[in-house]
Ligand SMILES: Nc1ncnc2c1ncn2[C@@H]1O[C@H](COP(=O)(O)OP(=O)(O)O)[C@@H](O)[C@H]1O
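Quick heads-up: it's one chain on its own, the form predicted on its own, in structure tokens.
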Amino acid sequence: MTAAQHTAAQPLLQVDQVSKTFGVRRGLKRATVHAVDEVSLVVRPSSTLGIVGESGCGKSTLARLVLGLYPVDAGDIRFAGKLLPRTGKRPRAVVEQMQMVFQDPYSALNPRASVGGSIAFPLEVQGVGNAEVRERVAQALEDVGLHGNYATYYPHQLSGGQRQRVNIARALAMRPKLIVLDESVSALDKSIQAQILNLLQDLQESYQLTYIFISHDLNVVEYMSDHVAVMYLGQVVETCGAEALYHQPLHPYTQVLLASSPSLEVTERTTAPEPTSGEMPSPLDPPSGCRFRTRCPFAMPTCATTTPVLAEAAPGHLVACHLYPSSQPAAK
């Protein structure tokens, strides 16, 4: 392997045993929410990692930890091979190369700032010169399919899809390597969703971007992702290539998610168990052992006493479940 090939094969982002807790009030007492609990992920350059799970599973918290919007309690995050600080400011070069597109395209924009002003603001904060700012704003608008005249518009003059294009343009203007898309199409109608998803794929190919794509829509994640991680109550319970996950899911929770996902296929995509009963347990008081056991149709006595470890049950297919005792811990 040449030096160039070796560099290209290295992960762009490594999340190693990262945890995050929040203190909350529970009546008159203080309690702790384990929002993210020892999560490990690897994201390769120019690829898309999809993250799925029910609301409250820790997807958005994990995204904010990656971007440094929340301090990390434990574990390490490496970007392009460099260890990032758990707290405090990150190096300017890292901040520029990691951007985020939020869920609500309207609230993510300053209603008093023009489109051009919103895109230019992070560039100005980073000390980019005026001439280069104008050039980058014009190029970013062109890249997302908006005419340069839109720079003078304000958010209330745009449709939802146009606002989200502006948010994408603002991220692109920083010339990042990694963009985190947190439910970035869920607030749009289906026809506009398709346009934005196709735009994201075109931009990824043109600029060799790397995405972390967070969504509750399994069909959208399947369409966008190369690899998928499934989260439940702050933990990753299964991760593998998108095709393997959607055609041969191993964890009972993943099977239930896929069974409940709307599909136009006449034949069933998987032999999933019946949907689970009850709601997700509170993150304030998660079940002992396997956190999914209270809803799992295959729960065994050991599930209540032993926490399953994310391990390789098939080549490249990691799952945290006692149904696969022959699996071995994944090599780091």
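Owing to the predicted nature of the structure, the values given are computational and were not obtained by experimental measurement. Residues carry their position along the shown sequence, with the first being 1.
There is another form of this protein, the form predicted together with the ligand, and it is not shown here; the text below is about that form.
- Although the partner is absent here, C57 sits close enough that one of its heavy atoms falls within 4.5 Å of the ligand in the predicted complex.
- Interface residue remark: A314 is not counted as part of the site for the ligand in the predicted complex, having no heavy atom within 4.5 Å.
- Shown alone here, A35 lies within 4.5 Å of the ligand in the predicted complex, counting heavy atoms only.
- Among heavy atoms of T61, some come within 4.5 Å of the ligand in the predicted complex.
- Taking the ligand as it sits in the predicted complex, the stretch 15-29 comes within 4.5 angstroms of it through a non-hydrogen atom at F22, V24.
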